[in-house]
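Listed next as structure tokens is one chain, alone, in the form predicted on its own.
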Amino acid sequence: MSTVRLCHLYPAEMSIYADRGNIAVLRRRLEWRGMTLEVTGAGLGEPIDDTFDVYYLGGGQDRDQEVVAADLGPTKADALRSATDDGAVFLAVCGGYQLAGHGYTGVDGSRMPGIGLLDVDTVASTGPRLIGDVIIDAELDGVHRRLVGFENHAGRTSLGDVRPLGRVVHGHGNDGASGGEGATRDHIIGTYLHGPLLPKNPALADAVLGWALGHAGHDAALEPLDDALETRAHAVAASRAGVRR
């Protein structure tokens, strides 16, 4: 039986946006195909290795993000860089996205260092929070995907030598002005889309699983599933934003 190994980073501190729902989707979509997901949590002070196929880092409050930022570099950064250089998947959502970059500067000027997996940097704005339904047009493995989700962040994220995950069709995205949302390179994805992200975007979930299976040495081709319910959820999210599929 094919097994994918996932490391859930800071499940106690960085899981406020239904992040466990994303992991549940990955588990179920593998099980429906006769495969398994093995999940290992890694919290504060717990070193990790570079042998996992997927690493997941979710969202958290600023106070939790500050604690995680102080721990991430000393205990996990080297393994994450090694693993992603070897083709492992890294999926980071909201606060996790900010820490996957060079860092996050809070509204009080405090600096939370990131680990630089993505060439992005985030600064908290004193202006309005960027909140609401989001729709983006993304391209993964050369295939166009329309992704939906919800955003709620004060951060304004600027991109360096990295491409956005997608073009904003509706919503704010990285900074409310550039027209881009998230960032991606290789098999690393950072995004502000949550709520959670994967139940409404089965194509993205399967892209992540295909990458992970390939990294684990298994056949990356996935049998199609009946995604009628997921497609309905996607359509509801899009209609709530006033955009048709």
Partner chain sequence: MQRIALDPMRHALAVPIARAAGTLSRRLGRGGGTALPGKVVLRLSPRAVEHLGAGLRGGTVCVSATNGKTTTCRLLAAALTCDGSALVANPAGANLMSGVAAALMAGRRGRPRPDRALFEVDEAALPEVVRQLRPHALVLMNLFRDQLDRYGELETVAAAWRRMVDDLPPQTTLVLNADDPAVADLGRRRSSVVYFGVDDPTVATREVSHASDSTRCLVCAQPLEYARVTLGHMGAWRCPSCGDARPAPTVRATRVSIDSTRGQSIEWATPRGTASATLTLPGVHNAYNATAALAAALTLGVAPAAAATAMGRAGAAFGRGERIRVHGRDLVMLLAKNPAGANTTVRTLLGDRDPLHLLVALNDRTADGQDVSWIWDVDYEPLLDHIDVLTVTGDRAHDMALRFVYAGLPRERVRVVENPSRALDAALAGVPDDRPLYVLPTYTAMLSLRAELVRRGVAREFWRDA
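Numbering follows the first chain given and starts at 1. The structure displayed is predicted, hence computed values, not measured ones.
The form predicted in complex with its partner chain exists for this protein as well; it is not shown, and the discussion that follows is about that form.
Look at 171-179, 96-104, 127-135, 114-122: in the model of the complex, residues with non-hydrogen atoms within 4.5 angstroms of its partner chain sit in 127-135.
At a distance of at most 4.5 angstroms from its partner chain in the model of the complex, all three residues 21, 28 and 232 contribute at least one non-hydrogen atom. For the chain shown alone, residue 187 is not a contact residue for its partner chain in the model of the complex, no non-hydrogen atom being within 4.5 angstroms. Under a 4.5 angstroms non-hydrogen atom cutoff, its partner chain in the model of the complex lacks residue 222 among its neighbouring residues.
Its partner chain is not shown here, and in the model of the complex it never comes within 4.5 Å of any heavy atom of residue 50. When its partner chain is considered in the model of the complex, residue 70 lies well away from it, no heavy atom lying within 4.5 Å. Residues 194, 195, 196, 199, 200 are the members of 179-209 with a non-hydrogen atom no more than 4.5 angstroms from its partner chain in the model of the complex.
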